[in-house]
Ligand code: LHQ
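Listed next as structure tokens is one chain, alone, in the form predicted alone.
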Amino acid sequence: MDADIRSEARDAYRVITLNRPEKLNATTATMLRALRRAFEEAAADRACRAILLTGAGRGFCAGQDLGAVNMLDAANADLGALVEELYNPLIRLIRTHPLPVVCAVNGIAAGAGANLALACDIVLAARSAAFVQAFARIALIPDAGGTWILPRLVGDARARALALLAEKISAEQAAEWGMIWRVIDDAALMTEAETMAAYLAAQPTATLGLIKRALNASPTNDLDAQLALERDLQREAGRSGDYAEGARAFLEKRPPRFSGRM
């Protein structure tokens, strides 16, 4: 694993850390490839049942490191190629990952860094954290899924203002608008995030993956298509050992012991 990405195994989950604190974890090509590998390795690890993504130091991610790519030569730079090669596969991977992904935003989340966080399933933010769609400040558009994710989280009017004005908003405002799940006091952020990751790792992981599939399909499905998908996924869930265990545990009035597999 690249030194700028740290992946640590816990009991049934992994903590993946963006590890360029001296640069507020601004991303490079090498770093983004390593981050993608970390998510792929977690998916392939049968012992891993949840992922926690966070940043080292005082920031979560300041976005793309502008000094790491040829972004100043407008005549020759192909930023679309950079997005297609590095960001798009990563965002697709996180959104469709079979495991639940928790994000602990420990400081500024700017540009692609903000959208990397928002691509995760459950986002917790330190009270001192902030989010900013900084792209317009340097005459770029939001990428890393920002123009898709933001309207679905906060609505069209707020998404447009965030993107066009490039204004920073606090963690409290982000929570109030439904952009993130919860604000946590700074000192308690990682404890809360690890507790949540451990909880998810003890749940019926494969079924959580089915829930993610249904939610991912919902924005582009009409009602009939979504009802049909729910039927098919429920059929799959109902045939799992975890459903049988959950039903038995409910009837026996005891905590279930889920395997996390179908």
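We number the residues from 1 along the sequence you see. None of these values were measured; they are calculated from a predicted model.
In what follows, reference is made to the form predicted together with this ligand, a form of this protein that is not presented.
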Next on the checklist: Within 4.5 Å of this ligand in the predicted complex - does that hold for a heavy atom of every one of Leu118, Trp177 and Ile184?
Outcome noted: no
Checklist outcome for this item: The listed residue (Val154, Ala134, Ala126, Ile91) that reaches within 4.5 Å of this ligand in the predicted complex by any heavy atom is Ala134
Checklist outcome for this item: in the predicted complex, the residue from Ala163, Leu82, Met190, Ile122 with a non-hydrogen atom within 4.5 Å of this ligand is Leu82
Checklist entry - Of 169 to 177, 154 to 162, 97 to 105, 110 to 118, which is the one stretch near this ligand in the predicted complex, taking non-hydrogen atoms within 4.5 angstroms as near? => result 110 to 118
Checklist entry - Is Gly55 close enough to this ligand in the predicted complex to count, meaning some heavy atom within 4.5 Å? => result no
Checklist entry - So in the predicted complex, does any heavy atom of Ala62 sit within 4.5 Å of this ligand? => result yes
Next on the checklist: With the partner left out here, check for me: in the predicted complex, does some heavy atom of Glu252 sit within 4.5 Å of this ligand?
Outcome noted: no
Checklist entry - Does at least one non-hydrogen atom of Leu24 fall within 4.5 angstroms of this ligand in the predicted complex? => result yes
